[in-house]
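In the structure tokens that follow, a single protein chain appears in two forms: structure 1, then structure 2.
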Structure 1
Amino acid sequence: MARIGVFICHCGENIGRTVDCAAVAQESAKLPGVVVSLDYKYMCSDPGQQMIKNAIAEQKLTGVVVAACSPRMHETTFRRAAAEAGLNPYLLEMANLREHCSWVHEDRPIATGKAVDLVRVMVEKVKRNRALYPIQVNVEPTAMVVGGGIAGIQAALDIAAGGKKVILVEKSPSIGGHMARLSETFPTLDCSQCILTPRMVEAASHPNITLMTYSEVEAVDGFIGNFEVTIRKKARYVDPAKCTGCGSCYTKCPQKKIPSEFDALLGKRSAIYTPFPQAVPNKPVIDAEHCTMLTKGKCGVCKKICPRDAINYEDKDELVKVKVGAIVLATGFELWDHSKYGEYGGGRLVDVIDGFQFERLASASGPTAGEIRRPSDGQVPHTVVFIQCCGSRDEKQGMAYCSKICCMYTAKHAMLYRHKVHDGRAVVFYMDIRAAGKGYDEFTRRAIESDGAEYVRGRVSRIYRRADGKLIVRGADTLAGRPVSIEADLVVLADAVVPRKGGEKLAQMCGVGYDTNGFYSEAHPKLRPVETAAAGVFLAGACQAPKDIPDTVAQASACAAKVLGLFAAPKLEREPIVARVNQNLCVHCRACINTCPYGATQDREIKDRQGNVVKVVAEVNEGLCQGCGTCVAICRSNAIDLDGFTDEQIFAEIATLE
């Protein structure tokens, strides 16, 4: 016989000012099966929890209903209290009186009546609950980090420092990401390479980290704690075990005029190359598209001069399968293509460049050895116009969101230019300045007050080249209320931060959601900011949203903490709210298999004693199932139920309201 306890929380005034909690408790006491019904100001507090524990012990309760706030907030708290009192935690249910009642109603009698109904529904449900027990899953204590930028490096180092193995996968020949391309970093103007390179070397030399550069994730199977990942190691045509990184090959390579991706296409590289001098690993790769030996069968200079016979033109892509327990996605970002702005030259004006190109011009390791020079003729520009929000906050042509870092890196660019060209003029067009980080507002003020940058509040309407080669920038000064026309030698656009191309494919492999812009979606923006809907998959850095370096590093360390928490025990305990197939009813229509967003349903062969297959049915993998209930809704033969939300429970809830 059911013995149910009902506990009504006032939640301070959140519920109490709209709902008559004492009246709800009195009405709940009249419900069949309810043996105790109490109300309290703060049920989640220690006295409130103790009230629940005492009632469970004294009244020998078989079920508990707590009517309070959202289960997202305190269901774990109340379940823990029930377990401590000796009641299976899944024999406790919560009625959400705050979000479903008090926050959406103003009429007190109506809200109170609805609250009674919500309690009645959960009482009927909990009567039909059965004891559930956490599912235990074996955990492979190795993590895979996808992306070798500062986010991936930080996450890998923190996980490795915790004593766990890490596989760091980077699609480029070297780790380092975008940060390796920067000249200096705001707001301290540290040399980017000086602070990043030691981290790169540490990651490469750490005994717990396996670097897989020039590699891409091909497929992801399995579930939390037990992922099987297929990684494509692209053909390098250089044996890294033999190569010493002496540089003879790319020094002698006759193909030296290939635009360098690392230098934002402003510099040149050879067909066999390392992306930059501090590359890790410092072993070259051959660009098969531009190598004349691989395309035409002619040349072979690098093989002839290599002292270690490390060149292998017969090299092929290799597929490697690895088992990991957790995945960290740190795939980073790229800049929006400003050629879509026809009014800014549509990408045809050579001296209209983006932020990364300016970084390479300002960098000592860049194509101009740190001197600011125009790409068109190599001359020093004496007037540089910087334009913020190029593609950001523009719903018609670009992106609706703010790219967060543009205000800061534009201020930095203006400073770098003034530090190198002392008599130069730096003009910044801006909509408004968003500098909310620590020391950020002071940094932008320094650009204006100490370094002489001229800030003009207004949008640029057009950029074109005059016959004498000067760029004419036309815009408006909205503070002065007048049009502005500036003769510029160089224009730098603060292009929007966008996700990397192909990111959707990786998200689909991992079962991770993404928004309309392509950024990966976190499980909850406040409570679970680095987790995803796919258990065991975490997000770090700008693949989730535009971020600066401090936020990226912080999020990467948060991912590492989550991974280490996951690996803390040899077995993982997870919620038992999973679907189950009644295999006597299953007709193997495969609707659930085709529909499951997590790939949790699969075929199962039922064999007789002789080993012959007599029937094929659907089966749910408990490790993968997230309890979404999609398979229950789609099943034509009504063969699937969801633990904790069975048809019997749902129908009982509906019936009690009739």
Structure 2
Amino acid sequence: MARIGVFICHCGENIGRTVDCAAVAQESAKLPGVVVSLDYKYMCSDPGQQMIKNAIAEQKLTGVVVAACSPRMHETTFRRAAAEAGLNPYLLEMANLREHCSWVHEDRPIATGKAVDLVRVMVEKVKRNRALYPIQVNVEPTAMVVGGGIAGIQAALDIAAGGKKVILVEKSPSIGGHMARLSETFPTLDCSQCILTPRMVEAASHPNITLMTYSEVEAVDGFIGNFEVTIRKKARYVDPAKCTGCGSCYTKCPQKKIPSEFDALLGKRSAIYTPFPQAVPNKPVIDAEHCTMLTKGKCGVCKKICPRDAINYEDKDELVKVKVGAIVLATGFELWDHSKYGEYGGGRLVDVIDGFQFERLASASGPTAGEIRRPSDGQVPHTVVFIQCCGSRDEKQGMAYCSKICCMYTAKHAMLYRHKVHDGRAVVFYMDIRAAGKGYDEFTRRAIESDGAEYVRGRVSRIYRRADGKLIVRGADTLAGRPVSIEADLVVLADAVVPRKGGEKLAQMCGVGYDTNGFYSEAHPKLRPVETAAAGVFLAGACQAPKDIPDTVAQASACAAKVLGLFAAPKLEREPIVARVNQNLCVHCRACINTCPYGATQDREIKDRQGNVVKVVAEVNEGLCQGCGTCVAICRSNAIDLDGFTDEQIFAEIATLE
């Protein structure tokens, strides 16, 4: 026989003002099965909780209804109290008298009537609740980090420092990402490679980190604590175990005219190559598309020259399966392709370059060894125009957002240019200067005041090339209220930061959402900025939104904290709200299997003693099930039910509303 306790909270005045709590308690006491019905000023306070605990013990309650605020607010509080008093926490339900009643209705009798109804419904539900126990899931204490830029490196290093294993997957031949391509970094102007490369080496040599470069994630199965990831190790054609990185192969390779991706297509590389001299691992790969041995079967120079016999033209892609407990996505960004801007030359003007190209021109390791020389004729430009917000904040191009880093790096570019070309003129067109950050505003002020960058507020309407080779930049100075026209030698566009192409595929594999711009969605924009809707999958860096290096590093460390927190306990506890199949009723129509968004409903063979399959039914993997109940509603033979929201409970609720 059910023995239900009802506890009505006044929530100070919040409920008590509109709902006659004492009357609700009196009415509730009359409900069948209710043995105790009390009201109190603050049920969530210590004495309030004690009241519930005492009643559970003294009255031997089999179920509790707390009529107070929204269960989203205090369900955990009251369930914990119930558990402390020895009652299974899932035998407690809440009636929402505050958000759904007292705060939205003014009329006291009507609100009181509705409150009685809400309690009545929950009493009928709780009578049908079953004791549930948290589901324990094993956790594989290895993390996979996707992306070997600064975000991925930082996350991997921090997780590894916490004593857990990390697999760092990077699609290009070397880790380092965009940061390795930068010349200097704002706002301190320290050399990017000088601060990054030691980290890259540390990541490669850390005993807890396994580097998988030139590899891509092919498939993700499983769930938090138990992901099974298939990684494609692309054919390198160079055996990294034998290769010593001596460099004979790429010095002798006859194919030397291939535009280097690392140098933003301004420099050249060979067909067998390392992206840059400080690459980690410093082992070359063969670019199968350009190698004549692989395309036409002619050449073979690198194989002949290699002193270690490391070259293998027969190398094939390899699929590797790994088990990991958590995934950190740190896939970063790329720059928007400004060839869509016809008014800026549509990508046809060689001397209209993007931010990365300028970085490579300014970098000591770049194609011009740090001298600013324009791509068309190698001359030092005397007037450089920088244009901010190229694509960003432009709804016509589908990007309403601010790319966040461009104001800062444009100021840096203008500064670097003026440091290198003292008589040069640096003109910056801007919409707004957004320099929020430690030392950032000082930095942009410095570019303007000490380094003489000319800032023009306004948009550029057109760039074209005059017969003498000058680029004519026409725009408006909106502060002076007049049109401007500048004869420039080089134009640098601050292209919008956009997510990696094909990032949606990875998101879908992991069950992570993404916004209209393609940036991955965090679980909560404020309170859960590194988690995602998929439990056990975390976000670091610019794959979530445009971000500068300090923010990226901070977010990566936050990811590591989350991953280490997850790995701290050997088992993971989950809410036991999962579906269950009654195998006697299941006719194996597979409707639930086709419906489940998590692949949690699976086939299960029932065998006799001889091992013959007698029947195939559906079964729910409680590690995967998230408890949505879609399978329950679709089941034709009523064989599935959802713990916590059973058909019996819901029908009882509906019937009570009569």
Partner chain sequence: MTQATTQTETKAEGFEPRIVAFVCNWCTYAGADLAGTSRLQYAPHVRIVKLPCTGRIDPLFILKAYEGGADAVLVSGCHPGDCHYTSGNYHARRRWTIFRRLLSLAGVEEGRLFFSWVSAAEGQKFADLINDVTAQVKAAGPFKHNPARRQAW
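The term rigid core refers to the maximal set of C-alpha atoms that superpose within 1.5 Å between the two forms. One-based numbering along structure 1's sequence throughout. The model shown is predicted, which means the values in this text are computed figures rather than measured ones.
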Task: Which of the two shown structures is the form predicted together with its partner chain - done: 2
Open item on the list: Rounded to whole °, what is the turn of the smaller rigid part against the larger between the two structures?
Closed with: 10
TODO: Any chance you could measure the C-alpha shift of residue 605 between the two structures with the core superposed, in Å?
DONE: 3.2
